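We begin with a single chain expressed as C-alpha coordinates, specifically the form predicted alone.
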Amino acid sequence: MNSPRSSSDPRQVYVIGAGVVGLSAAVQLLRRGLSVTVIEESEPGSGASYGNSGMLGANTAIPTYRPGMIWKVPGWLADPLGPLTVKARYLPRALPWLWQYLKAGTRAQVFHASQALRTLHRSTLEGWRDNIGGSAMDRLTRRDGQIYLWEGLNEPPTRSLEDEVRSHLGIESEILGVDQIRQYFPGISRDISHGLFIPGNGHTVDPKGLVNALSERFQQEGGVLVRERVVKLWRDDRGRWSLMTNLNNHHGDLVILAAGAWSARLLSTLDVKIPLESERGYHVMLRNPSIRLNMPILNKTRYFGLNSMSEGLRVSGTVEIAGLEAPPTLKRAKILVTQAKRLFPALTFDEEVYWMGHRPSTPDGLPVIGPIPGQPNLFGCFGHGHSGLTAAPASGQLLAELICGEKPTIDPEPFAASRFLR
(Lines give C-alpha, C1' and ligand atoms only; values in the text may rest on other atoms or scores of the structure.)
Protein backbone atom coordinates (compact mmCIF):
# COMPACT_ATOMS: atom_id res chain seq x y z
CA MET A 1 0.00 0.00 0.00
CA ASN A 2 1.29 3.46 -0.84
CA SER A 3 2.53 5.53 2.08
CA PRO A 4 0.49 8.67 2.72
CA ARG A 5 2.05 11.73 1.18
CA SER A 6 2.98 14.48 3.63
CA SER A 7 3.84 18.11 2.94
CA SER A 8 5.76 18.50 6.22
CA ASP A 9 9.23 17.66 4.87
CA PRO A 10 10.65 20.52 2.77
CA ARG A 11 13.94 18.85 1.91
CA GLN A 12 15.09 18.78 -1.71
CA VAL A 13 16.50 15.39 -2.72
CA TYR A 14 18.58 14.62 -5.80
CA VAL A 15 18.83 11.01 -6.92
CA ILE A 16 21.70 10.30 -9.30
CA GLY A 17 20.63 7.43 -11.54
CA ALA A 18 17.33 6.46 -13.18
CA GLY A 19 17.65 2.70 -13.08
CA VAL A 20 15.27 0.52 -11.11
CA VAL A 21 17.10 1.13 -7.84
CA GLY A 22 17.26 4.92 -8.08
CA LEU A 23 13.67 5.23 -9.28
CA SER A 24 12.41 2.89 -6.54
CA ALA A 25 14.07 5.08 -3.89
CA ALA A 26 12.74 8.21 -5.58
CA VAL A 27 9.14 6.95 -5.54
CA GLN A 28 9.36 5.98 -1.87
CA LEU A 29 10.75 9.40 -0.90
CA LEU A 30 8.08 11.21 -2.88
CA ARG A 31 5.43 9.33 -0.96
CA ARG A 32 7.00 10.57 2.27
CA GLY A 33 6.61 14.19 1.26
CA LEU A 34 10.10 15.09 0.02
CA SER A 35 10.76 16.99 -3.20
CA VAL A 36 12.67 14.60 -5.46
CA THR A 37 14.61 15.14 -8.69
CA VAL A 38 16.24 12.25 -10.53
CA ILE A 39 19.24 13.08 -12.71
CA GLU A 40 20.17 10.66 -15.49
CA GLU A 41 22.03 11.32 -18.71
CA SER A 42 20.49 8.46 -20.65
CA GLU A 43 16.92 7.30 -21.06
CA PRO A 44 15.66 5.81 -17.77
CA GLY A 45 16.39 2.11 -17.54
CA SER A 46 18.64 1.99 -20.57
CA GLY A 47 21.50 0.31 -18.69
CA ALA A 48 21.57 -2.88 -16.63
CA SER A 49 17.94 -2.28 -15.63
CA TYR A 50 17.00 -2.98 -19.26
CA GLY A 51 19.52 -5.63 -20.26
CA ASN A 52 19.19 -8.03 -17.35
CA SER A 53 17.77 -11.55 -17.43
CA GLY A 54 14.34 -10.29 -16.42
CA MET A 55 14.14 -12.70 -13.47
CA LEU A 56 12.46 -11.62 -10.23
CA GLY A 57 14.02 -13.91 -7.67
CA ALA A 58 11.78 -13.64 -4.62
CA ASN A 59 13.06 -17.10 -3.59
CA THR A 60 16.65 -16.58 -4.71
CA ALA A 61 19.04 -15.31 -2.07
CA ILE A 62 22.45 -16.90 -2.66
CA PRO A 63 25.50 -14.81 -3.63
CA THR A 64 27.51 -15.74 -6.68
CA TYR A 65 30.66 -16.73 -4.76
CA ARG A 66 31.06 -20.19 -3.21
CA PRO A 67 33.66 -21.96 -1.09
CA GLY A 68 36.34 -23.41 -3.32
CA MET A 69 35.42 -21.20 -6.27
CA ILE A 70 39.02 -20.00 -6.51
CA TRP A 71 40.01 -23.43 -7.84
CA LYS A 72 37.46 -23.22 -10.66
CA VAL A 73 38.63 -19.86 -11.96
CA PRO A 74 41.63 -21.12 -14.00
CA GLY A 75 39.40 -23.59 -15.85
CA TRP A 76 36.78 -20.94 -16.56
CA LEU A 77 39.39 -18.55 -17.91
CA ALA A 78 40.86 -21.24 -20.14
CA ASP A 79 37.47 -22.28 -21.56
CA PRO A 80 36.36 -20.15 -24.55
CA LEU A 81 32.75 -21.00 -23.64
CA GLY A 82 33.34 -20.44 -19.92
CA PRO A 83 31.24 -18.09 -17.77
CA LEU A 84 34.13 -15.80 -16.74
CA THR A 85 36.80 -13.83 -18.55
CA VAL A 86 39.19 -11.13 -17.37
CA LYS A 87 40.78 -8.73 -19.83
CA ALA A 88 44.57 -8.94 -19.45
CA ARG A 89 45.06 -5.17 -19.63
CA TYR A 90 42.54 -4.60 -16.86
CA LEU A 91 43.76 -7.36 -14.54
CA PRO A 92 46.13 -5.18 -12.44
CA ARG A 93 43.28 -2.79 -11.63
CA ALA A 94 40.83 -5.61 -10.95
CA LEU A 95 43.09 -7.73 -8.74
CA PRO A 96 42.26 -6.05 -5.38
CA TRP A 97 38.51 -6.48 -6.01
CA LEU A 98 38.92 -10.03 -7.31
CA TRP A 99 40.98 -10.99 -4.28
CA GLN A 100 38.33 -9.63 -1.89
CA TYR A 101 35.65 -11.44 -3.88
CA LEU A 102 37.43 -14.77 -3.68
CA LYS A 103 38.16 -14.30 0.04
CA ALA A 104 34.42 -13.81 0.62
CA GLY A 105 33.78 -17.35 -0.60
CA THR A 106 33.56 -18.90 2.86
CA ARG A 107 30.69 -20.91 4.22
CA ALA A 108 30.05 -18.34 6.95
CA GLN A 109 29.97 -15.44 4.50
CA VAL A 110 27.63 -17.31 2.13
CA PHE A 111 25.12 -17.81 4.96
CA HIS A 112 25.53 -14.20 6.14
CA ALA A 113 25.02 -12.74 2.66
CA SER A 114 22.15 -15.10 1.89
CA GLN A 115 20.28 -14.09 5.04
CA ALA A 116 20.68 -10.41 4.14
CA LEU A 117 19.69 -10.91 0.51
CA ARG A 118 16.63 -12.86 1.57
CA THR A 119 15.33 -9.78 3.41
CA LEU A 120 15.69 -7.71 0.24
CA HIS A 121 14.31 -10.25 -2.21
CA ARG A 122 11.40 -12.01 -0.56
CA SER A 123 8.86 -9.19 -1.14
CA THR A 124 10.01 -8.17 -4.62
CA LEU A 125 6.73 -8.96 -6.37
CA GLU A 126 4.63 -7.17 -3.78
CA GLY A 127 7.09 -4.27 -3.83
CA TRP A 128 6.90 -3.91 -7.59
CA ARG A 129 3.11 -3.98 -7.45
CA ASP A 130 3.16 -1.19 -4.87
CA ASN A 131 5.61 0.86 -6.94
CA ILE A 132 3.94 0.65 -10.36
CA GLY A 133 0.35 -0.41 -9.64
CA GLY A 134 -1.62 -3.57 -10.29
CA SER A 135 -2.47 -2.95 -13.94
CA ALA A 136 1.15 -2.49 -15.04
CA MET A 137 2.26 -5.36 -12.83
CA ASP A 138 -0.23 -7.79 -14.37
CA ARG A 139 0.75 -6.70 -17.87
CA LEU A 140 4.51 -6.84 -17.42
CA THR A 141 5.24 -9.70 -15.00
CA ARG A 142 4.50 -13.36 -14.40
CA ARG A 143 4.76 -15.46 -11.23
CA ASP A 144 5.22 -18.94 -12.65
CA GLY A 145 8.42 -19.94 -10.86
CA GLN A 146 11.86 -20.71 -12.23
CA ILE A 147 13.75 -23.87 -13.10
CA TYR A 148 17.42 -24.62 -12.48
CA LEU A 149 19.03 -27.21 -14.74
CA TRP A 150 22.23 -29.21 -14.46
CA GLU A 151 24.17 -31.32 -16.95
CA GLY A 152 25.89 -34.59 -16.21
CA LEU A 153 25.22 -34.92 -12.49
CA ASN A 154 25.24 -38.42 -11.02
CA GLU A 155 22.99 -37.47 -8.11
CA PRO A 156 20.29 -34.86 -7.45
CA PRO A 157 21.57 -31.34 -6.64
CA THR A 158 20.28 -31.49 -3.08
CA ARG A 159 23.51 -32.13 -1.23
CA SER A 160 25.01 -28.77 -2.08
CA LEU A 161 25.61 -25.64 -0.03
CA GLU A 162 22.86 -23.94 -2.02
CA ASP A 163 20.34 -26.50 -0.83
CA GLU A 164 21.49 -26.03 2.76
CA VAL A 165 20.95 -22.30 2.41
CA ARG A 166 17.47 -22.78 0.94
CA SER A 167 16.56 -25.09 3.79
CA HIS A 168 17.97 -22.67 6.36
CA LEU A 169 15.97 -19.77 4.90
CA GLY A 170 12.77 -21.77 4.45
CA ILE A 171 12.80 -21.52 0.66
CA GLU A 172 10.68 -24.14 -1.03
CA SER A 173 12.07 -26.18 -3.93
CA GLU A 174 11.15 -29.34 -5.81
CA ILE A 175 13.50 -31.83 -7.47
CA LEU A 176 12.60 -32.59 -11.09
CA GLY A 177 13.38 -35.80 -12.90
CA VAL A 178 14.35 -35.96 -16.54
CA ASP A 179 10.83 -36.89 -17.65
CA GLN A 180 9.36 -33.90 -15.82
CA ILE A 181 11.94 -31.58 -17.36
CA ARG A 182 11.04 -32.82 -20.85
CA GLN A 183 7.37 -32.20 -20.14
CA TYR A 184 8.16 -28.62 -19.21
CA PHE A 185 10.57 -28.11 -22.11
CA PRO A 186 10.03 -30.40 -25.12
CA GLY A 187 13.12 -30.73 -27.27
CA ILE A 188 15.59 -29.95 -24.50
CA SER A 189 19.07 -31.48 -24.74
CA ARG A 190 19.66 -35.04 -23.59
CA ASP A 191 22.67 -33.69 -21.65
CA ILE A 192 20.35 -32.30 -18.99
CA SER A 193 20.36 -34.71 -16.07
CA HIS A 194 18.67 -32.92 -13.18
CA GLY A 195 16.38 -30.01 -12.43
CA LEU A 196 15.07 -27.99 -9.52
CA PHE A 197 11.82 -26.02 -9.53
CA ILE A 198 11.79 -22.80 -7.46
CA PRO A 199 8.19 -21.69 -6.90
CA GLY A 200 7.51 -18.13 -5.86
CA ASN A 201 10.01 -16.70 -8.33
CA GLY A 202 8.75 -14.60 -11.19
CA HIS A 203 9.94 -12.73 -14.24
CA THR A 204 9.16 -9.80 -16.45
CA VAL A 205 8.29 -10.17 -20.11
CA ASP A 206 9.49 -6.61 -20.78
CA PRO A 207 12.30 -5.16 -18.60
CA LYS A 208 12.25 -1.85 -20.46
CA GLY A 209 8.49 -1.61 -20.02
CA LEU A 210 8.88 -2.30 -16.31
CA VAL A 211 11.35 0.56 -15.89
CA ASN A 212 9.18 2.85 -18.02
CA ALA A 213 6.19 2.10 -15.78
CA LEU A 214 8.27 2.99 -12.71
CA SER A 215 9.55 6.20 -14.32
CA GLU A 216 6.04 7.20 -15.35
CA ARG A 217 4.70 6.54 -11.85
CA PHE A 218 7.51 8.67 -10.36
CA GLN A 219 6.67 11.60 -12.60
CA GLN A 220 2.90 11.19 -12.19
CA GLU A 221 3.33 11.44 -8.42
CA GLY A 222 5.23 14.73 -8.72
CA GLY A 223 8.84 13.75 -9.31
CA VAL A 224 11.13 15.60 -11.71
CA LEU A 225 13.43 13.87 -14.21
CA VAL A 226 16.45 15.79 -15.54
CA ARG A 227 18.44 14.42 -18.48
CA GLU A 228 21.99 15.45 -17.56
CA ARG A 229 25.25 13.77 -16.54
CA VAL A 230 26.61 14.41 -13.05
CA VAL A 231 30.39 14.82 -13.09
CA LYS A 232 31.18 16.09 -9.58
CA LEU A 233 29.69 16.47 -6.08
CA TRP A 234 30.66 18.85 -3.30
CA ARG A 235 29.21 20.51 -0.20
CA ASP A 236 28.95 24.29 -0.27
CA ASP A 237 29.64 26.72 2.57
CA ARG A 238 26.09 26.29 3.89
CA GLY A 239 26.41 22.52 4.08
CA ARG A 240 24.13 21.83 1.11
CA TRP A 241 25.14 19.57 -1.73
CA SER A 242 26.06 20.91 -5.15
CA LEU A 243 26.02 18.77 -8.27
CA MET A 244 27.92 19.77 -11.37
CA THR A 245 26.50 18.26 -14.55
CA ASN A 246 27.47 18.54 -18.18
CA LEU A 247 24.92 21.37 -18.52
CA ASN A 248 24.22 22.96 -15.14
CA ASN A 249 24.73 23.13 -11.38
CA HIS A 250 22.06 21.85 -8.98
CA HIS A 251 21.79 22.36 -5.22
CA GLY A 252 19.94 20.21 -2.71
CA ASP A 253 19.71 19.09 0.90
CA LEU A 254 20.19 15.36 0.26
CA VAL A 255 21.88 13.36 -2.48
CA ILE A 256 21.32 9.67 -3.20
CA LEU A 257 23.98 8.01 -5.29
CA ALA A 258 22.30 5.27 -7.36
CA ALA A 259 24.48 5.44 -10.43
CA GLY A 260 25.16 1.72 -10.65
CA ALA A 261 28.70 0.81 -11.67
CA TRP A 262 29.60 4.50 -11.99
CA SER A 263 28.84 5.22 -8.32
CA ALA A 264 32.38 4.57 -7.08
CA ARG A 265 33.78 6.99 -9.66
CA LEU A 266 31.65 9.83 -8.26
CA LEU A 267 32.52 8.88 -4.69
CA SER A 268 36.22 8.98 -5.51
CA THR A 269 35.96 12.73 -6.13
CA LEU A 270 35.10 12.97 -2.41
CA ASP A 271 38.03 10.71 -1.49
CA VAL A 272 35.61 7.92 -0.52
CA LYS A 273 36.80 4.55 -1.76
CA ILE A 274 34.27 1.70 -1.89
CA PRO A 275 35.24 -1.45 -3.83
CA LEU A 276 32.82 -1.59 -6.74
CA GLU A 277 33.49 -3.40 -10.00
CA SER A 278 31.60 -3.83 -13.23
CA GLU A 279 30.77 -7.46 -13.86
CA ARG A 280 30.09 -6.83 -17.53
CA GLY A 281 27.21 -9.00 -18.65
CA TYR A 282 25.85 -9.84 -22.10
CA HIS A 283 22.58 -10.88 -23.57
CA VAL A 284 21.35 -11.84 -27.00
CA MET A 285 17.72 -11.42 -27.95
CA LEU A 286 16.64 -14.09 -30.42
CA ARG A 287 13.77 -12.66 -32.45
CA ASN A 288 10.88 -14.89 -33.51
CA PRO A 289 12.28 -18.03 -31.87
CA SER A 290 10.88 -21.49 -32.55
CA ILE A 291 10.35 -22.12 -28.83
CA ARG A 292 8.58 -20.25 -26.07
CA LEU A 293 9.37 -21.07 -22.44
CA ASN A 294 6.57 -21.20 -19.90
CA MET A 295 9.04 -20.10 -17.22
CA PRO A 296 12.68 -18.97 -17.11
CA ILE A 297 15.58 -21.41 -17.10
CA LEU A 298 18.90 -21.00 -15.32
CA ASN A 299 21.55 -23.46 -16.51
CA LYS A 300 23.63 -23.97 -13.36
CA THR A 301 26.33 -25.96 -15.13
CA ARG A 302 27.13 -23.34 -17.77
CA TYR A 303 25.88 -20.24 -15.92
CA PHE A 304 23.44 -18.69 -18.35
CA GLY A 305 19.72 -18.03 -18.36
CA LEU A 306 16.86 -18.10 -20.86
CA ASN A 307 13.67 -16.10 -20.56
CA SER A 308 10.86 -15.69 -23.08
CA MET A 309 9.95 -12.02 -23.45
CA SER A 310 7.66 -9.96 -25.62
CA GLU A 311 10.54 -9.25 -28.04
CA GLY A 312 11.75 -12.84 -28.26
CA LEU A 313 13.94 -15.26 -26.34
CA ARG A 314 16.55 -13.53 -24.19
CA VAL A 315 19.70 -15.53 -23.43
CA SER A 316 21.81 -13.82 -20.78
CA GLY A 317 24.91 -14.46 -18.75
CA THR A 318 28.70 -14.44 -18.64
CA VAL A 319 30.91 -12.25 -16.48
CA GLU A 320 33.61 -10.14 -18.10
CA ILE A 321 35.96 -8.10 -15.92
CA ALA A 322 37.21 -5.29 -18.15
CA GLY A 323 36.15 -2.00 -16.53
CA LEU A 324 33.78 0.71 -17.67
CA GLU A 325 35.64 1.89 -20.77
CA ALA A 326 36.56 -1.19 -22.82
CA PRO A 327 34.41 -1.84 -25.89
CA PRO A 328 32.08 -4.86 -25.88
CA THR A 329 33.56 -8.24 -26.78
CA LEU A 330 31.20 -9.62 -29.41
CA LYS A 331 32.36 -13.20 -29.00
CA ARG A 332 31.12 -13.14 -25.38
CA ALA A 333 27.60 -12.44 -26.66
CA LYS A 334 27.89 -15.02 -29.43
CA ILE A 335 28.81 -17.64 -26.82
CA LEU A 336 25.26 -17.28 -25.52
CA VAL A 337 23.83 -18.24 -28.92
CA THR A 338 26.00 -21.37 -28.89
CA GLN A 339 24.82 -22.24 -25.38
CA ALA A 340 21.15 -21.76 -26.29
CA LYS A 341 21.48 -24.03 -29.33
CA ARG A 342 23.27 -26.63 -27.22
CA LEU A 343 20.42 -26.60 -24.73
CA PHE A 344 17.70 -26.70 -27.42
CA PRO A 345 19.31 -28.36 -30.48
CA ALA A 346 16.34 -27.66 -32.79
CA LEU A 347 16.14 -23.95 -31.86
CA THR A 348 15.69 -21.56 -34.79
CA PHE A 349 15.12 -17.79 -34.91
CA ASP A 350 15.12 -14.87 -37.36
CA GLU A 351 17.62 -12.43 -35.89
CA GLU A 352 20.22 -12.01 -33.14
CA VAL A 353 20.34 -8.69 -31.25
CA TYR A 354 23.35 -8.29 -28.95
CA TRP A 355 23.74 -6.19 -25.80
CA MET A 356 26.37 -5.54 -23.12
CA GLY A 357 25.95 -3.77 -19.78
CA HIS A 358 27.54 -3.23 -16.39
CA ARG A 359 26.48 -5.10 -13.25
CA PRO A 360 27.58 -2.95 -10.29
CA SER A 361 29.09 -5.48 -7.88
CA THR A 362 30.71 -5.34 -4.47
CA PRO A 363 33.14 -8.09 -3.48
CA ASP A 364 30.93 -9.37 -0.64
CA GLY A 365 27.84 -9.65 -2.85
CA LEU A 366 25.75 -7.17 -0.85
CA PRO A 367 24.67 -3.71 -2.01
CA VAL A 368 25.43 -0.44 -0.28
CA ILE A 369 22.23 1.06 1.16
CA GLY A 370 22.37 3.97 3.57
CA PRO A 371 24.50 6.93 4.62
CA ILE A 372 28.05 7.43 3.35
CA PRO A 373 30.27 7.88 6.44
CA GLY A 374 31.90 11.29 6.73
CA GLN A 375 29.58 12.80 4.12
CA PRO A 376 26.50 14.29 5.84
CA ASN A 377 23.26 13.86 3.87
CA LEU A 378 24.92 11.75 1.18
CA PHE A 379 23.41 8.28 0.79
CA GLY A 380 24.27 5.28 -1.34
CA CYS A 381 21.98 2.80 -3.03
CA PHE A 382 24.15 0.81 -5.42
CA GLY A 383 26.11 -2.41 -5.87
CA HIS A 384 23.22 -4.82 -6.41
CA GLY A 385 25.21 -7.02 -8.78
CA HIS A 386 23.07 -9.71 -10.39
CA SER A 387 19.89 -8.88 -8.47
CA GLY A 388 19.07 -5.21 -9.01
CA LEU A 389 15.70 -5.90 -10.60
CA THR A 390 14.74 -8.14 -7.68
CA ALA A 391 16.10 -6.04 -4.83
CA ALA A 392 15.11 -2.58 -6.07
CA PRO A 393 11.73 -2.21 -4.29
CA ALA A 394 12.98 -3.21 -0.83
CA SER A 395 16.22 -1.25 -1.29
CA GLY A 396 14.29 1.91 -2.13
CA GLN A 397 11.97 1.43 0.83
CA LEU A 398 14.82 0.78 3.26
CA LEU A 399 16.69 3.87 2.11
CA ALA A 400 13.58 6.04 2.43
CA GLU A 401 12.99 4.71 5.94
CA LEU A 402 16.56 5.55 6.96
CA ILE A 403 16.37 9.06 5.50
CA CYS A 404 13.01 9.82 7.09
CA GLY A 405 13.89 8.45 10.51
CA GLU A 406 11.42 5.57 10.40
CA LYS A 407 12.01 2.22 12.01
CA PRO A 408 13.55 0.07 9.24
CA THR A 409 11.45 -2.87 8.14
CA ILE A 410 14.65 -4.86 7.61
CA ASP A 411 18.06 -4.75 9.29
CA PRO A 412 20.22 -2.15 7.48
CA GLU A 413 23.50 -3.21 9.06
CA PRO A 414 24.61 -5.78 6.41
CA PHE A 415 24.29 -3.10 3.72
CA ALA A 416 26.10 -0.27 5.51
CA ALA A 417 28.87 1.45 3.54
CA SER A 418 30.93 1.55 6.73
CA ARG A 419 31.81 -2.14 6.28
CA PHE A 420 34.22 -1.06 3.51
CA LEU A 421 35.52 2.08 5.20
CA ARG A 422 36.64 0.84 8.60
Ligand SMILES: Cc1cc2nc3c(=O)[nH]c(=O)nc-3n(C[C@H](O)[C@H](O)[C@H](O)COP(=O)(O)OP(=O)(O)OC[C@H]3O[C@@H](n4cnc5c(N)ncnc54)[C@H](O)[C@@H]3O)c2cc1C
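Numbers for residues come from their place in the sequence shown, where the first is 1. Quick caveat: nothing in here was measured; it's all calculated off a predicted structure.
One more form of this protein, predicted in complex with the ligand, exists but is not displayed; see below.
Trainee: Here the chain is shown alone; which of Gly365, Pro393, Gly380, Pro360 has a heavy atom within 4.5 Å of the ligand in the model of the complex?
Mentor: Selected residue: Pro360.
Trainee: Go through 393-401, 371-379, 63-71, 32-40 and give me the stretch that gets within 4.5 Å of the ligand in the model of the complex, heavy atoms only.
Mentor: Going by heavy atoms within 4.5 Å, the stretch is 32-40.
Trainee: For a quick test of understanding: in the model of the complex, does each of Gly195, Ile297 and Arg332 have a heavy atom within 4.5 Å of the ligand?
Mentor: No.
Trainee: Determine whether any heavy atom of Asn59 comes within 4.5 Å of a heavy atom of the ligand in the model of the complex, and answer yes or no.
Mentor: Taking the distances in the model of the complex, the answer for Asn59 is no, it never comes within 4.5 Å of the ligand.
Trainee: Taking any heavy atom pair closer than or equal to 4.5 Å as contact, tell me whether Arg235 reaches the ligand in the model of the complex.
Mentor: No - in the model of the complex, heavy atoms of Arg235 and the ligand never come within 4.5 Å of each other.
Trainee: Considering non-hydrogen atoms and a 4.5 Å limit, does the ligand approach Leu214 in the model of the complex?
Mentor: No, no contact at 4.5 Å.
Trainee: Examine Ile16 and determine whether its closest non-hydrogen atom to the ligand in the model of the complex is within 4.5 angstroms.
Mentor: Output for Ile16 is yes: heavy atoms within 4.5 Å of the ligand.
Trainee: Check each residue of 375-393 against the ligand in the model of the complex and list those with a heavy atom within 4.5 Å, in sequence order.
Mentor: Going through 375-393 in order - heavy atoms within 4.5 Å of the ligand in the model of the complex - the hits are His384, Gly385, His386, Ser387, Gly388, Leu389, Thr390.
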